[in-house]
Ligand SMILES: Cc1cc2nc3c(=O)[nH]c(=O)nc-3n(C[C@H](O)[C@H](O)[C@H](O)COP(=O)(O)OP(=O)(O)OC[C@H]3O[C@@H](n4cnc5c(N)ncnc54)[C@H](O)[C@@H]3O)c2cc1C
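The chain below stands alone and is given in structure tokens; this is the form predicted on its own.
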Amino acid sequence: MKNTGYLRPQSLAQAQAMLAKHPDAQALAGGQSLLAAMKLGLCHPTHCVDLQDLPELQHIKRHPDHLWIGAMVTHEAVANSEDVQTWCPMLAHLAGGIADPQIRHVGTLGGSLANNDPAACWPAGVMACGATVVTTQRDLSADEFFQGLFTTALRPGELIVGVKFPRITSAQYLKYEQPASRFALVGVAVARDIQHKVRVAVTGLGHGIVRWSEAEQALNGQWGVRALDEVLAKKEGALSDVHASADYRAHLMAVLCRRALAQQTGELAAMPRVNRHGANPASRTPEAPHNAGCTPEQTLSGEHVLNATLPRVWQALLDPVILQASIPGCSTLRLLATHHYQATVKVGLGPVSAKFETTVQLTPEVEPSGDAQHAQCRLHVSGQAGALGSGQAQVQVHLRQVGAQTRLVWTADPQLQGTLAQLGNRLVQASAQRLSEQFFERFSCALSGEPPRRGAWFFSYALFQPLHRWWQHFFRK
């Protein structure tokens, strides 16, 4: 933090000009996430552009068709606002339940949304209400804005100005919180608009804010707790960690959804009973939370079908140009020896940004030849994160020809050393399927000559995920 400049604009236009002038600067809202990351050496912005003096971002105002809350309005101000309490009491309740008074007086709506922590409360409220996030460049629906773990639709230099909340006839947010941080282990928001359409948003499952479409469909057909009796809370969308298993999180999602709905309808929220013929689909017997995360290190895996023949895919895996194009944030990829590469990868996730010096050693085990339908290789990937330690992974890749396409199946066993391991080696469980798809989407685009899309490489993510999970519970918003 010693070499970080501090800028304090007095207008939104001035703030935009500063961010444009300093491309590696970071906008500073409440600082509850950014400053903690800087202290841990996880990001190194050249400047912090403090937004607290911008009058355009600090208003709460009721309009005929929406409630406006500025991006720099604090959680405490939202909780105590008569306009918010009149328009949508759920929003005031949600803001009043974030962390502790000290945090609520500093943390802001815009900062929470831009960070998009997977256990934060505000994304659930914004998503359930079907709100619109207004930025310096455009208006984004909640469904467009949130794009996964610590990921939003914000472009470089784009700032959140405020949020428009439409009229809601009924809404409630409940969370089962972690005692120390008051982050949501699981949180559920259920909202019904003036056209009687229901939206259910869930936070804390691990992948970021999501909508529970099955519950929405059931409640749009029948507004009442009994409508949820046959709705299955799927654990496939949840992660397991030291705090709770995926099954337990799914169970909490079902329980909290019923309770949030019952508080709006006046019904009882009890889960349906198990009958003598077996359990009701919505009734689960979850693993106790203290059992979660007690297994050995997780093995990551994925499967992808590529629109190219086996020989073409094999050659692409050995091509440094295609590999560099497939790894987001890869600034250099140098061939050290046959099948041995060195890369510099800049990883960005939420407020964290760091450069990894990475080496990849590829060992062909079964090379395709002639009419071969199968190929196999092994990769040893290692990355250095400076003072934070290092990580490595053994990745096994199997290729099989399927018609004109190639099926690629991979498994990886990541390991962490140094500070990274101390911060939660057990939590290397990332959203491997989703993030690996981003890597292989770029790989597929490179095969076809199409421009790659933004994404994150699964190994870099797996290395950073444990640190984020530890950090979010110790540095509260």
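Fair warning: this is a prediction, and the values are worked out from it, not measured in the lab. Heads up: residue numbers just count along the shown sequence, starting at 1.
One more form of this protein should be noted, the form predicted together with this ligand, which is absent from this view; the next part is about it.
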item: Candidate stretches 156-164, 210-218, 403-411, 337-345 - the one whose heavy atoms come within 4.5 Å of this ligand in the predicted bound form; value: 156-164
item: 4.5 Å heavy atom contact, Thr309 and this ligand in the predicted bound form; value: no
item: Non-hydrogen atom contact Ile69 with this ligand in the predicted bound form at 4.5 angstroms; value: no
item: Contact label in the predicted bound form: Ile98 to this ligand, heavy atom within 4.5 Å; value: yes
item: Touches this ligand in the predicted bound form: Gly125 (any heavy atom, 4.5 Å); value: no
item: Any residue of 180-217 that, in the predicted bound form, places a heavy atom within 4.5 Å of this ligand; value: Ser181, Arg182, Phe183
